[in-house]
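We begin with a single chain expressed as structure tokens, specifically the form predicted on its own.
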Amino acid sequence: MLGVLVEVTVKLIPKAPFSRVLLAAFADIRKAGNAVADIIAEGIIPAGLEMMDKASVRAVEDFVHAGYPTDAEAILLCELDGTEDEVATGLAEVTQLLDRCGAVEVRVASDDIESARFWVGRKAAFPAAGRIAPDYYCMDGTIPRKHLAEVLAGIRALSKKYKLEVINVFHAGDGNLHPLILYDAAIAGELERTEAFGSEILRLCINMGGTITGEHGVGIEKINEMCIQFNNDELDQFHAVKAAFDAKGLLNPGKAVPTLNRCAEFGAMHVHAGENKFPELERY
């Protein structure tokens, strides 16, 4: 919104001496979503906690043969790290919890090689999508973990509405969703329908108490949804800060912070008698 980075200070965190990945399969995607919330609620902090739905599991398995159960409605990948004893205790706790949550299969990687193979599948989700559709559109909404199951059901309903397939992969531990909408840009109107689908996914995230981005930023792609997520007072504050530090609009003009005019056009802000606040800000 405001600055140019000139220096970054980083801290290196030592790699844990031992780690192991656990794979859990579910016959009900809602149970998988609820299991994520339960893991965190128990105070367990995995090194990684990822979720994939049935469509993404099948696409990945056809591509890299990671050993995923293709009949599962969803799978969870949970990595625990620490000392060998800490990991063993954590795996036992998580396995019991997943059994209580309705997992139909829980599989602990036997060694580092199998752990790596489990992760190869998750990391191959995006290229796997590219094998089954000419184009895909990646969204980046974030929601409270307790609503994962409900949002997944909502995305499935939107998929039927827009007649477009979608595969879902998540950074489930922090509620960061990455639905991949599959489409063909060569078909007239399909890109526009895909973008409308993506916008509705973000609205769904907002309605669940979430946000329109977890890590990919806003840019110009999601700028209309900024007008939905934030109310008039919040947008006014954004522009006041922008005007104070970037009066000439040189830093990322037209990105991340929507112009007041744009929000009015999008129907999310009322402009009284044709008068805009902060008239000194350029309208794009």
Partner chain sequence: MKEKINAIQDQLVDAIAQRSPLKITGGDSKSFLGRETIGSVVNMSTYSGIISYEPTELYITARAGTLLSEINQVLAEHRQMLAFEPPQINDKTTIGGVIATGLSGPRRPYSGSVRDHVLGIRCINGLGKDMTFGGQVMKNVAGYDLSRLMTGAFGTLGIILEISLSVMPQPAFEMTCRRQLSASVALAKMLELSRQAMPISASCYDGNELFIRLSGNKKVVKETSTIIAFDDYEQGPAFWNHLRDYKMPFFNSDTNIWRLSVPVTANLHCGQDPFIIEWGGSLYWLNSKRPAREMFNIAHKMGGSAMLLHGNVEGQDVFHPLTDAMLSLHKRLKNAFDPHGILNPGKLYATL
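What you are looking at is a predicted structure, and each value in this text was computed from that prediction instead of being measured. Numbering follows the first chain given and starts at 1.
Form predicted in complex with the partner chain: not shown, discussed below.
Proximity of R30 to the partner chain in the predicted bound form: non-hydrogen atoms within 4.5 Å are absent; the residue sits far from the partner. Taking non-hydrogen atoms only, V257 approaches the partner chain to within 4.5 angstroms in the predicted bound form. At a distance threshold of 4.5 angstroms between non-hydrogen atoms, K146 is in contact with the partner chain in the predicted bound form. Interface residue remark: G209 is counted as part of the site for the partner chain in the predicted bound form, having a heavy atom within 4.5 Å. Only one listed stretch (194-202, 112-120, 166-174, 179-187) carries heavy atoms within 4.5 Å of the partner chain in the predicted bound form, and that stretch is 166-174. A single residue from the set I223, I228, A37, V64 has any heavy atom within 4.5 angstroms of the partner chain in the predicted bound form; that residue is A37.
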